[in-house]
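For reference, the chain that follows is the form predicted on its own, supplied as C-alpha cells.
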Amino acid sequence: MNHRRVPDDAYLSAMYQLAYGRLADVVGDRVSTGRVLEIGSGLALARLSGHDWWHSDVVSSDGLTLQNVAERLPFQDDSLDALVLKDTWHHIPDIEGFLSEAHRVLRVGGVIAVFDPYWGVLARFVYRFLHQERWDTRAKGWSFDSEDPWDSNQALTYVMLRRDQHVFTARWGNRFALTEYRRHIGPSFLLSGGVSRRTAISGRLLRRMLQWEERRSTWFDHLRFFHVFGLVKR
C-alpha cells in the first residue's frame, strides 16, 4: 500500500482525517497523562490531523516512536491512557495475546480505540470478492498464521464482536467494556479504489461524496465500509 500519496489526495486525506477524528473521539477525555500509543501507525499520518500520539509499527519507517509487535508492548503495567488502532486490528495474528497485553499496560478507564472494516452488505461483498486482503467470516478461531505484516482477516471484528459475541463477552467482558460507535465511509471508498488501487475519479468529487455520506443517518449503515468502537478497561 502506498500511504505516501495520502497527504496529496483530497479524498484520501479527508478519509484519514475522518478516521483519526473519530478515534480521537473514542479516546476523548480519558487522557490524563497524555500517554497514547498508536499501534500499526505506518507513516504516522495521525500527525497530519494534529494528533500528538506515540507511534509504533512492526515495520520501521520515518516518524515512528518505537518498533514492536502488538502482542509485546514495552510499557509498565497501568501506564497508558489509550491504544489507537486504525486498520490494524485485523492484521494482528494473535488478537487475544494483544488484548491481554493491552489490559496490562492500560490504566483502569483506559481505552482501546479501533477503526476497522465493517460488515455492511456492500462492504461484505467488496471485501470478499474485490479486495486484495482476506475476508473470512467462517474462520474457526480468532487467530491466524502470519508470515508477513500484511497478512490479515478483515472479518476479524465481525467474527469476534458479532458472530462470536457471546464468546467475547465470556472471555473478555470482565476486563473490557465494549462500546460500539458509528459506522463510517460509504460507496465513495469503493469508487476511490482505496489507498492501494486509487482510481482516476477526482479526489475533490469523492471528498464531497464522503461529506454527504457522513450526514446520512443509520439507515445508510448497510452501505458503509468501516466502524469505530472502544474497549474500556474495567
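A residue's number is simply how far along the shown sequence it sits, counting from 1. The model shown is predicted, which means the values in this text are computed figures rather than measured ones.
The protein also exists as the form predicted in complex with a small molecule; that form is not presented, and the subsequent description refers to it.
- Partner contact region in the model of the complex: 149-157, out of 135-143, 149-157, 105-113, 118-126, criterion any non-hydrogen atom within 4.5 Å of the small molecule.
- Judged against the small molecule in the model of the complex with a 4.5 angstroms heavy atom cut-off, the residues S188, L205 and F226 are out of contact without exception.
- In the model of the complex, the small molecule sits within 4.5 Å of a heavy atom of S41.
- Taking the partner from the other structure, the small molecule in the model of the complex has a heavy atom within 4.5 Å of a heavy atom of A70.
- The shortest heavy atom separation between V58 and the small molecule in the model of the complex is within 4.5 Å.
- Although the partner is absent here, D81 lies well away from the small molecule in the model of the complex, with no heavy atom inside 4.5 Å.
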